[in-house]
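Just the one chain here, laid out as structure tokens, in the form predicted alone.
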């Protein structure tokens, strides 16, 4: 199985010109990769403009709505995303949960809508600093996974990837230690084994995200057993992001 490196650009860059320049730089530099799947998740507005033809890059979105169409002002549906070339969609990111009050029920509806559209969900789970300090991280992550995957069949779970993003590490520069990530990685596989089967749990890709940079990226892949990375800030720095991709290639 290839390693998966996902770039979450969030609400960046500020202009289409900057987005195209960043994308084209990464696209040109990654033509020779063989062992790594690279996914770029830009703001919705840039998706139709960033051309992946002739490259190894796949497009992803940072969010979606759960209905295919209708009177839902400002929303973007899975079929719309698929029509502009998306293969992956991030759901349940902590910023969506915290800033936009997304619930596990809403995230579950989004995952099911993405499955119907034959798109791959990248489900984000993770605990806050307060939950971590109170020793509640296992309960929080267990609840998030179980609620998000409620009603998702053994067949359809193959269209889901889980990304562990400790909320206290996102954008803070306080990266989770690889040994801590390994503990959560094994715990997530245990949950999936209970919900589905051990075989499915072993195959399901689990990513790490949260203050990932060039210095610590390989530690998560080598020491925690993660199958890839969900990268925020560092993915906006072309040189650093490309270095992470090529370091991943050599594992």
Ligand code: PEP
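Because the structure is predicted, anything quoted here is derived from the model rather than measured. Numbering follows the first chain given and starts at 1.
Although not depicted, the form predicted in complex with the ligand is the subject of the following passage.
Participant: I need to confirm a contact call. Of 41, 221, 206, 212, which residue comes within 4.5 Å of the ligand in the predicted bound form, counting heavy atoms only?
Facilitator: Of the listed residues, the single hit is 212.
Participant: Of 10, 20, 227, 243, which residue is found within 4.5 angstroms of the ligand in the predicted bound form when only non-hydrogen atoms are counted?
Facilitator: Flagged contact: 10.
Participant: Which one of these stretches, 75-83, 130-138, 108-116, 165-173, sits within 4.5 Å of the ligand in the predicted bound form when only heavy atoms are counted?
Facilitator: Careful reading of the contacts points to 165-173.
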